[in-house]
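One chain comes next, on its own, written out as structure tokens in the form predicted alone.
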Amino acid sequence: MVLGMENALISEYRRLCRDTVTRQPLAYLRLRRAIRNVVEQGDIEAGSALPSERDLSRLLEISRVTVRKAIGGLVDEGVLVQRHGAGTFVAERIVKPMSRLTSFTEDLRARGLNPRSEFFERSLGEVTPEESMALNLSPGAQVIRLHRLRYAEDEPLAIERTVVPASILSDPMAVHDSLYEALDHVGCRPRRALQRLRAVLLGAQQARLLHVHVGTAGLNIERRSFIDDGRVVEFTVSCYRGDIYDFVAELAE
């Protein structure tokens, strides 16, 4: 596996050096493109470790500074991830189909990952005007609020703020990892949802929580979920890391 990876990288880097039409004048840009190409072609699988800076420098006959600069750019782009004391790895992406209404917890468990949440808020209070409009509630109605950081294993993936009518779910402490499991327990699992997605650049607080650089691309998602009788049971605003999550929609004529 390691030998095959090294051979693929060497071959692609040397091909780019010989290509007089698209040849990058700077070695770190050629290496950056070579690594990206072999990742996209599947020659290096997601989650695989790259050879060390020392080994890449020796194999490609370039300086370690050049290797470090090439890798740093790919880490910023989300193609690679660096783990302290472990090395550099090809980033693993989570593909979320948009044709089925599933929870964050269900999605990760289906991929063999362990989901968990770090809660910043679990409270009960009076609905705000914005929440009232989103949930079709009258002024003065009670809601529960959940503000949390969602993880896959130890990797933070998303920041979520969720509001649920207290008439549906009255105890915020009933939600542990999966909101949908708690709603299912009271017979109010969502059956359909409306989602709005938009691209954002992560601010300082978001970047700190998600362990990425300020200005990294993210996905802002608003979801309103409904039960069979048409009531809105969930209004969630999420901020996902754009370097890990792919949302895929199937289209038909």
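Remember, predicted model here, so these are calculated numbers, not experimental data. Just count from 1 along the sequence shown to find any residue number.
This next part talks about the form predicted together with a small molecule, which is not shown.
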Sort through A217, I227, I221, A207 and report the residue having a heavy atom within 4.5 Å of the small molecule in the predicted bound form. I221
Output flag, R36, R68 and T88 jointly within 4.5 Å of the small molecule in the predicted bound form, heavy atom basis: no
Can you pick the stretch from 100-108, 136-144, 80-88, 122-130 whose heavy atoms fall within 4.5 Å of the small molecule in the predicted bound form? 100-108
Answer for Y13 alone: is it within 4.5 Å of the small molecule in the predicted bound form, judged on heavy atom distances? no
At 4.5 Å between heavy atoms, is D177 in contact with the small molecule in the predicted bound form? yes
Against the small molecule in the predicted bound form, would Q195 count as a contact residue? Criterion: heavy atoms within 4.5 Å. yes
